[in-house]
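Single chain ahead, written as structure tokens, the form predicted on its own.
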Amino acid sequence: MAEDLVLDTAIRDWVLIPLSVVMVLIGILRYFVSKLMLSSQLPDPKIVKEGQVIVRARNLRAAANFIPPKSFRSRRVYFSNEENGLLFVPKGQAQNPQAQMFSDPNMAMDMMKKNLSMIIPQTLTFAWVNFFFSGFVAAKIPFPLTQRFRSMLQNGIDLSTVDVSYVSSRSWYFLNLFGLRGLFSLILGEENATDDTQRMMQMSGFGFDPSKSLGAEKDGLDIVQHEWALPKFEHRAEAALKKLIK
């Protein structure tokens, strides 16, 4: 039988609120520090050109039925021609994103700075939480949970008699670490929000491979079944008017 605990208000004032405020301040400080550490460099014109080509090809696929068949076929040949098409990438010219990163020292240095700006604050903050706030029951979730959530919400508390809805101070740290993206998007903007889960996923990859995107867009454009929608507009308008009259 799970026991009901009475949480002291001092835990709220000296553990829960300070821990939440510190996590928000560290996230904002880490954003500005990482922004100062990044080197200002112009984007590669080739990558920008390939991105614009992909956008134009996607727009062609989306609006294919609103242009005549002859115009669509000429545009598709212009993009997907295997001799000089914009979306065609020969096998020998495909770039390896990892090799491209190691060939550019600025890109590798920026990646290392991003990783350091994430790892060092997290390590120091976790050591601070583990030293000063270890063993506290900081909060209680206002709805019941199953036993599967015990390891996630009660990290650092080895008491099986405590109800699962109680949250330990260490687990509250992890909840703030991975759950403050919405607050950071309000403070820093949607594009500037620091997302630790996204950064951890980026640590395993080294870059963007434009040749794969060009090939995928070429395959998608080749399989488009064109059907000009203009001859059917009169029938659609007639059907819509009949529905309005009825």
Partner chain sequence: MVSKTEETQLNRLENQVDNGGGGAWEYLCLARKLKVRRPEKVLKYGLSILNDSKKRSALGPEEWTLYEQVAIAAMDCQCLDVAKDCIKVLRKKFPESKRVGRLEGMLLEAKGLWGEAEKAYSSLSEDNPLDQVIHKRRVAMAKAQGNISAAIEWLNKYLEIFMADHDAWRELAEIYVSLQMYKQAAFCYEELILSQPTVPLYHLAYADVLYTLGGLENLQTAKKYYASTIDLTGGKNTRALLGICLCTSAIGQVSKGRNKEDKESPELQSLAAKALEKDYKERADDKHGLLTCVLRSLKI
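Numbering follows the first chain given and starts at 1. Since we're looking at a predicted model, the values are computed, not measured.
Note that the form predicted together with its partner chain isn't included here; everything after this is about it.
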* Is the gap between H235 and its partner chain in the model of the complex 4.5 Å or less for some heavy atom pair? -> yes
* V55, heavy atom within 4.5 angstroms of its partner chain in the model of the complex -> yes
* Asked: Using heavy atoms and a 4.5 Å limit, would one call V21 a contact residue for its partner chain in the model of the complex?
  -> no
* To do: May I ask you to state whether L60 is within 4.5 Å of its partner chain in the model of the complex, using heavy atom distances?
  => yes
* Asked: Out of the stretches listed (180-188, 214-222, 62-70, 23-31), which one is close to its partner chain in the model of the complex, meaning heavy atoms within 4.5 Å?
  -> 62-70
* Judged by heavy atom distances of 4.5 Å or less, which residues of 219-245 approach its partner chain in the model of the complex? -> W228, L230, P231, F233, E234, H235, R236, A237, E238, L241, K242, L244, I245
